[in-house]
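Starting off, we have a lone chain in the form predicted on its own, written out as structure tokens.
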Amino acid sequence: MALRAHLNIAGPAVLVLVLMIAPLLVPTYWVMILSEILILGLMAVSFNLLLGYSGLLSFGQGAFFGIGAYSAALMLQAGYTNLFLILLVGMLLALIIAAVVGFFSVKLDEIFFAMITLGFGMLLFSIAHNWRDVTRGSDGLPVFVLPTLNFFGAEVSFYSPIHMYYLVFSVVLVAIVLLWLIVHSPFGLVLRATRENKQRVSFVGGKVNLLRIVAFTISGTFTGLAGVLFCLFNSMATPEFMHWSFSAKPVIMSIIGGTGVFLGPLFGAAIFFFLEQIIIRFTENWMLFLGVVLVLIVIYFPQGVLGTLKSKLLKGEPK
């Protein structure tokens, strides 16, 4: 119990400390890579609320990511530069769309759920790709002006990579803390029960579909927040965010890191990006070698990298 408690408390605390000081120690290029890892890590942790805690495999998360990105781009182009308003609107729009998609999706299980979320995702991708008057189609929607933040009387601009990093870090930290509270609440406990045996939950009076809709909506909302951050970071919103191939990224990251550990997907995002950066230095066919490495990770780390390591460290430790 002592080791488990130490890992659960000291581990995240050390991680937060490292992420706080990292931009002061690494080159600007790696600061930008860390920003991207945190954003995609938030998307993966949000997605894992479905896969890891609800047992639902969604291939439509990119749609909510894209909604958040497009909402931010459109607001900035319209002259709205209030940072908190942009974040709030992106989350709200993602929440509404996720609630609608969830209403039609959660009644199905397994591959049928995956396919219907894929269908909705590609529907929204087609709208973003073809509605050129609003989204500019495949050219994407560029952002020329970033929001500013009044911090204790000083105006902070996010054109600096370090300033952008700390914005991303702060928002992602708050979002992950909120997701942790949700996962460890009575709602999260019942959600895990539906993953294990939804019939039993239904027999004792639990409304399985409602629980799943709420989980799907929460997941979509925080994925939309990640999309807003990525738009600000990348100064662009494109339909590719809504494509099924982009939706596969949080799936891969969650499996690499471990779906059974809350921060597993975040570690999976870091591993994915670091492998990509290392392999691309030696060959243009980086996707081939990355695929081989990922297959080996799945074979030798069946619970994900973080999940397997944690399981080995706690082997023999009483629960």
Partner chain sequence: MKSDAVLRIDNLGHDYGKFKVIENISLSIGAGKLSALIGPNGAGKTTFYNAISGKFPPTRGRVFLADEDVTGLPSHRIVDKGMCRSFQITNIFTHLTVQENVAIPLIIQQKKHFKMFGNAFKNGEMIHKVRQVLEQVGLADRGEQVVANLAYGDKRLVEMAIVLARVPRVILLDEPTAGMNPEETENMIRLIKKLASVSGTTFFITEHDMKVVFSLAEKIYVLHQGHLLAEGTPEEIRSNTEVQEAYLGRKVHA
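From a predicted model like this one, the values you see are computed outputs, not experimental measurements. Positions refer to the first chain, counted from 1.
FYI, the form predicted together with the partner chain isn't displayed, but the following is about it.
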| item | value |
| --- | --- |
| Residue 206 within 4.5 Å of the partner chain in the predicted complex, heavy atoms | yes |
| Touches the partner chain in the predicted complex: residue 211 (any heavy atom, 4.5 Å) | yes |
| The partner chain contact in the predicted complex: residue 83, any heavy atom under 4.5 Å | no |
| Any non-hydrogen atom of residue 190 within 4.5 angstroms of the partner chain in the predicted complex | yes |
| The partner chain: the contacting residue among 156, 162, 173, 182 in the predicted complex [heavy atom, 4.5 Å] | 182 |
| Contacting member of 178, 92, 149, 100, with respect to the partner chain in the predicted complex [4.5 Å, heavy atom] | 178 |
| Proximity to the partner chain in the predicted complex (heavy atom, within 4.5 Å), stretch among 92-100, 225-233, 241-249, 198-206 | 198-206 |
